[in-house]
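As structure tokens, one chain now follows by itself in the form predicted on its own.
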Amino acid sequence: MEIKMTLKPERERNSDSIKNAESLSFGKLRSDHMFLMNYEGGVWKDARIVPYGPVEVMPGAVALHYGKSVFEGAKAFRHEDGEIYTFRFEENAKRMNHSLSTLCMPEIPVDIQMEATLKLLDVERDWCPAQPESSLYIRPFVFGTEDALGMEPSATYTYCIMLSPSGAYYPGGFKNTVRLLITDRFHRAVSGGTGSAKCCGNYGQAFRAAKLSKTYGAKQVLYLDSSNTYIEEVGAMNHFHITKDKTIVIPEFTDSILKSITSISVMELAKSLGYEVRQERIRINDFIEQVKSGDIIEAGGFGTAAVITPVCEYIFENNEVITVGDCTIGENIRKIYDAYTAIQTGDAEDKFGWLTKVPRG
């Protein structure tokens, strides 16, 4: 694929702003450039890297009216040797295509997604921070651009990749636990819908539930399925729990649960650490009883941004609170987190082939 480049003069680059910062917030900064590619006439074309800036769309663009928009989230890391490595981006590219297909949008070959991302990372390698728990966050997304108000898929699309030098997702890093609200009032997705796709509509509707959770001092909502029987997701993450016999249990992936790349990676990694791992439909009533009895000793969420979010408490709308373990980051969660992030940062051997070195152009 030929990628045209229009780069900012070196003197205008301001990547030095990340080097002396004591801490970086998550997702607030942008690198100098972005990748763009357009779909028209049944083909993806005009691949280019340009200075980061506004993207022009017409007011009647299908994405603005009918939610024809999907996205991904991945990370690249600076290793001790100074080189930049992506973490399992090929899996993100595959999931992007699943999301595109689900929303009747044109897929992008995985090799093209990989090439575009690696080239942009090479151009922007100075933007990759080196602080502990930091990364160069990768946000690819596709949106329908046709100026049409009929209920039909867009004939034109834009694929964009932007980069965000980021610190830990939670201020202070991997140090604290959270509280989750269990409610039957809101549902993230339903069977037969778009729950397994990473589309914008799934996230836009979630703010209402998150707003309710904060009135209970909770960080997010533990979503149940539409029958209020089974556990599905926690906010924008896959839920998990660990039993006292050190088995990691993750809800079975269905068409209403997003297949987390962090989850599938942890499942592979955990087995090498000596844990049993299983996926199953988890009844919320069974889960609650096992937390109360102490059979469940740790719980939380898996996701790209935070990696692991440990949960201390679950609160109900009647203000009943149940506590997981001793309400601290458990030894098992810490062990998994440390092993996982050590591979990402190059502090441990990548025995799984998850890392891809960004080639220098």
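Since this is a predicted model, take the numbers as computed values, not measurements. Don't overthink the numbering: it's just position in the shown sequence, from 1.
Note that the form predicted together with 2-OXO-4-methylpentanoic acid isn't included here; everything after this is about it.
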Between Tyr66, Tyr39, Tyr314, Phe26, only one gets a heavy atom within 4.5 angstroms of 2-OXO-4-methylpentanoic acid in the predicted bound form; which residue is that? Phe26
Looking at Tyr85, Tyr169, Tyr230, Phe143 here, can you tell me which has any non-hydrogen atom within 4.5 angstroms of 2-OXO-4-methylpentanoic acid in the predicted bound form? Tyr169
Should Pro106 be classed as touching 2-OXO-4-methylpentanoic acid in the predicted bound form when contacts are defined as heavy atoms within 4.5 Å? no
With the partner left out of view, is Tyr159 within 4.5 angstroms of 2-OXO-4-methylpentanoic acid in the predicted bound form by any non-hydrogen atom? no
Answer for Phe287 alone: is it within 4.5 Å of 2-OXO-4-methylpentanoic acid in the predicted bound form, judged on heavy atom distances? no
Tyr275 within 4.5 Å of 2-OXO-4-methylpentanoic acid in the predicted bound form, heavy atoms: no
Which among 209 to 217, 147 to 155, 134 to 142, 111 to 119 is in contact with 2-OXO-4-methylpentanoic acid in the predicted bound form, heavy atoms within 4.5 angstroms? 134 to 142
Residues Lys271, Asn332 and Tyr337 are flagged as a possible site; in the predicted bound form, is every one of them within 4.5 Å of 2-OXO-4-methylpentanoic acid by some non-hydrogen atom? no
Going by 2-OXO-4-methylpentanoic acid in the predicted bound form, which residues of 171 to 204 come within 4.5 Å of it through any heavy atom? Lys198, Tyr203
